[in-house]
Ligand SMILES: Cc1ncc(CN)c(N)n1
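Next up is one chain by itself, shown in structure tokens, the form predicted on its own.
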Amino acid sequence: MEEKLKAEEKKIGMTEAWLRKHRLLYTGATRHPFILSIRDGTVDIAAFKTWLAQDYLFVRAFVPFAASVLIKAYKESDDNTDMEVILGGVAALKDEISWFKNEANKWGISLSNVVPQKPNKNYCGLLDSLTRPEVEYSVAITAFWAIEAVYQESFAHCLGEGSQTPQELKETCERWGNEGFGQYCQSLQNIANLHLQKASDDELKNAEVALLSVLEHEVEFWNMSCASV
């Protein structure tokens, strides 16, 4: 039975095997009521504004984490394309921060007055813990992929057939739900799977825990946005 399980994991990739294993939690992170309310056009704009302001703070905390993953790729990966893919993601964060500032201005949000809420602080704390030198590259890249993939999956759903996403929120959804970002997430997943194939049992356990932590924090982040209304 164990050999059959390992053969299946090798065939579909460790990350996909974990997503199937933890499907309920993954669905909770990518089909959260907040996301569904955007898709069906019933979202409370106050909730959206809370998410926007809090996510701006999160993205700023995401920058040093992304940089640490890039450094780990340089030190621990034999494949130069790892660095190129991750570097592309890091470079895009400058534009993303500018986008948040522009959106905040559009919605009348003063970002200088935004205070991180507890779920945001907790999530940023996870990012900070993953920047430690002793965290294996396979663990860090798994978390990096998961963070990006949740947004891609969530916002792409808001653009899918039958969606009634409000016109003024479509740009937000397209930012993460577009095909190009989906391909980027797929590249990250491929990198993660490749390194997880070579990982030790302890690394695999740590990577799975990191994935679960990301999904749990994502759910709490969405909950935080809804709770503000």
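Quick note: we count residues from 1 along the sequence shown, nothing fancier. Just so it is clear, the model here is predicted, and its values are computed rather than measured.
A second form of this protein, the form predicted together with this ligand, is not displayed here; the remarks below concern that form.
Peer 1: Tell me, yes or no, whether residue 137 is in contact with this ligand in the predicted bound form, where a contact means a heavy atom of each within 4.5 Å.
Peer 2: Residue 137: no, not in contact with this ligand in the predicted bound form.
Peer 1: Is residue 59 near this ligand? Define near as a heavy atom within 4.5 Å, in the predicted bound form.
Peer 2: Yes - in the predicted bound form, heavy atoms of residue 59 and this ligand come within 4.5 Å of each other.
Peer 1: Indicate whether residue 76 is a 4.5 Å heavy atom neighbour of this ligand in the predicted bound form.
Peer 2: Answer no; every heavy atom of residue 76 is more than 4.5 Å from this ligand in the predicted bound form.
Peer 1: May I ask you to state whether residue 103 is within 4.5 Å of this ligand in the predicted bound form, using heavy atom distances?
Peer 2: The answer is no: residue 103 has no heavy atom within 4.5 Å of this ligand.
Peer 1: Among the candidate stretches 129-137, 76-84, 103-111, 142-150, which one is within 4.5 Å of this ligand in the predicted bound form when only heavy atoms are counted?
Peer 2: Flagged stretch: 142-150.
Peer 1: Counting only heavy atoms and a 4.5 Å cut-off, does this ligand in the predicted bound form sit next to every one of 34, 48 and 171?
Peer 2: So, no: the whole triplet misses this ligand.
Peer 1: With this ligand taken in the predicted bound form, which residues across 170-199 come within 4.5 angstroms through any non-hydrogen atom?
Peer 2: Just 176.
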